[in-house]
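Before any questions on how it binds or moves, here is one chain, the form predicted on its own, in structure tokens.
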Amino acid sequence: MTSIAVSSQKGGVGKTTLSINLAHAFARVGIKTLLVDADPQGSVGHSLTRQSRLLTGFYDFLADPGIPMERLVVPTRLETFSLVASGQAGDYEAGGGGNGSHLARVRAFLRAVAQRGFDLCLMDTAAGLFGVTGDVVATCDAVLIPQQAEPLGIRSVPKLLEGLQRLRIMNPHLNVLGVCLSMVQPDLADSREVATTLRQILPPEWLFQTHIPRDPLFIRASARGLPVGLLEAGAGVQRVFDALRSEIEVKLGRAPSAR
């Protein structure tokens, strides 16, 4: 199984939107995918199922690793696409825990997911590379970083690089897949210039060619509890996530389903 953390230095970068639709892009080509809501705010759950706060989830497992996986995994209408809610977050909402204290339990969680036969575990994390998010990133095989295409977002990049360096010491095998621009508005010069600036700051292999547009379809999809590709008008945006999936497979050196 391949595990990928979707993480960012700051919030509001479209991380959950990317996680949901990227997970669907993998699942729709037959890759058995589990999307884990590792953000105490429960953003994935709020987007896909309104009952998410009632579900046992990831943070419950951190508190009690004896919880069986069948209590955590929630199937969707697509056979290859399942979810784990954030659960009852407790003190994690205030940033409690983490900083290495839950590495063993995150590893145990991923082992249990692999034993269920999943090919890919995609983990949507809280913003900031510290606390439980740091433990998740330090445990996963790879990390994907969304970055909004707005000038203010550039200011967080140095801290992001510093945080990734720290986590690679904890996890020397961590594959930094790169930065994916989100909320891109190609008709705005400021939005286009962000991509140019990032190319000057980041190693060239760290910036994805695929950009996620700012599109009102994402709001409609969330209102209906669906990935955007399942909307009647969502085929164009779905192609964006299919392209991102293909780039990730190249960076991984294989599709997550390859044995």
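Numbering starts at 1 and follows the sequence shown. Everything numeric in this text was worked out from a predicted model, so none of it was measured.
The form predicted in complex with a small molecule exists for this protein as well; it is not shown, and the discussion that follows is about that form.
Q: Given the stretches 199-207, 59-67, 35-43, 186-194, which is the single one in contact with the small molecule in the predicted bound form, using a heavy atom cutoff of 4.5 Å?
A: Single hit among the candidates: 35-43.
Q: Could you work out which of V73, A127, L78, V157 is the residue within 4.5 angstroms of the small molecule in the predicted bound form, going by heavy atoms?
A: Among V73, A127, L78, V157, a heavy atom within 4.5 Å of the small molecule in the predicted bound form occurs only for A127.
Q: Taking the shortest heavy atom distance, is I219 within 4.5 Å of the small molecule in the predicted bound form?
A: Because a heavy atom of I219 falls inside 4.5 Å of the small molecule in the predicted bound form, the answer is yes.
Q: So, L22 and the small molecule: in the predicted bound form, are they within 4.5 Å at any heavy atom pair?
A: Residue-level check for L22: no, no contact with the small molecule.
Q: Can any non-hydrogen atom of R214 be found within 4.5 angstroms of the small molecule in the predicted bound form?
A: Contact with the small molecule, yes.
Q: May I ask you to state whether V13 is within 4.5 Å of the small molecule in the predicted bound form, using heavy atom distances?
A: Within the cut-off, so yes.
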